[in-house]
Ligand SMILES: Cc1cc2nc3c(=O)[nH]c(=O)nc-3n(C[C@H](O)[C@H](O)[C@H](O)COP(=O)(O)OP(=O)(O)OC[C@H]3O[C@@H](n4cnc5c(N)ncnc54)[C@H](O)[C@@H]3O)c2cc1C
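Read the single chain below, which is given as structure tokens and is the form predicted alone.
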Amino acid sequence: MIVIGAGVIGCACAYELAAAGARVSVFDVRAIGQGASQASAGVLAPYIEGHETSALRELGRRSLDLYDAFIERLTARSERVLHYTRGGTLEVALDGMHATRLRDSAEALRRDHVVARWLEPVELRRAEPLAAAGALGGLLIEMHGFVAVPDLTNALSAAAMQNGAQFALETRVLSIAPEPNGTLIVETDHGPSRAADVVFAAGSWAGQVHISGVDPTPVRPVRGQLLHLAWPTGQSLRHVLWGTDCYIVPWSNGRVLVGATVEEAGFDERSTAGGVRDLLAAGCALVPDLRDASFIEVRVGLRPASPDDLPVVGRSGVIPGLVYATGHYRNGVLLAPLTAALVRNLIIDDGEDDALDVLSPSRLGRL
């Protein structure tokens, strides 16, 4: 079978399929994990992305529940060390309206049996001494965490290759078409390849691949800029911090990620002075000591967003051998274990899942 896309979703699907015994080839025009994945901070926080009950939150919760076992299995198979922690997120309120909303959220989450605590200012400074002195409190959600995405994509691809998967990089996919015998022909700039099943994990570029007999994939790119900073020696945050305008992720090596912008910029992958300025201002408002951090780099990724902001996962209603796995927008890393499991079960076991009803490609047209 063929997997189109070597980002975190494509690599996760390739890993699960290869581990299940499938012969897998992965095509991507870029190096592994060099699309949206390289500009992801890897935050695993379904209850921050949307406090209200929603399909996306339920999907995130399901996938987060898979993460510990997913990482343990992946570490053993890839023989790679992954920077992965479940140390919690702390959403910090800098004004009264935000504080009121977070208090209400804490109550709502507790009613849903989610471990969440509102911290008064004194408790907040005890939990996170580097948070802004004027903060009015914060919402601590202990089950959240993050994973270093470069570690993750490297481990996924390594484990997939150890199980026989082959990666054809610098290979642009041009079109997909069914043949009379039921196989699919994938035309690339290096020539055609054939497979009974194709996993379409092309991210923001999905709409640019012509698929015979179906509508263009309705996924648009949304630019995100992510700052990499470095603390002065001896300083570190204890949690992933969240505010109204940014999040801050501390790595164990002293690097700090500040992200991320949300920009409707088409396929423009430039970093911008305005984006960097806004993220620095938002980050320093949450953690004033960031003003002393060293600037390392800014990374830019184009996140694949669907019209309803839900991923597009499942079999095509037109071409049975085609399985979509795209449109994850800002939640690709969080949803990678669940997406890969759904794709594996569909292809290997022909299994169904209630999540596939919500994520069905057919909800967005003739797909």
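Since we're looking at a predicted model, the values are computed, not measured. Note that residue numbering begins at 1 and tracks the sequence as displayed.
The following text describes the form predicted together with the ligand, which does not appear among the structures shown.
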Decide whether residue 9 counts as a contact residue for the ligand in the predicted complex under a heavy atom distance cut-off of 4.5 Å.
-> yes
Contact label in the predicted complex: residue 172 to the ligand, heavy atom within 4.5 Å = yes
Distance check, residue 5 to the ligand in the predicted complex, heavy atom within 4.5 Å = yes
Within a 4.5 Å heavy atom cut-off, is residue 251 in contact with the ligand in the predicted complex?
-> no
One residue of 312, 340, 39, 59 in contact with the ligand, assessed in the predicted complex (non-hydrogen atom, 4.5 angstroms) | 39
With the partner omitted here, the residue among 89, 225, 157, 217 that in the predicted complex has a heavy atom within 4.5 Å of the ligand is 225
Can all three of 77, 167 and 194 be found with a heavy atom no more than 4.5 Å from the ligand in the predicted complex?
-> no
Segment assignment from 197-205, 288-296, 90-98, 118-126: heavy atom within 4.5 Å of the ligand in the predicted complex | 197-205
What residues, if any, in 238-269 have a non-hydrogen atom within 4.5 angstroms of the ligand in the predicted complex?
-> 247, 260
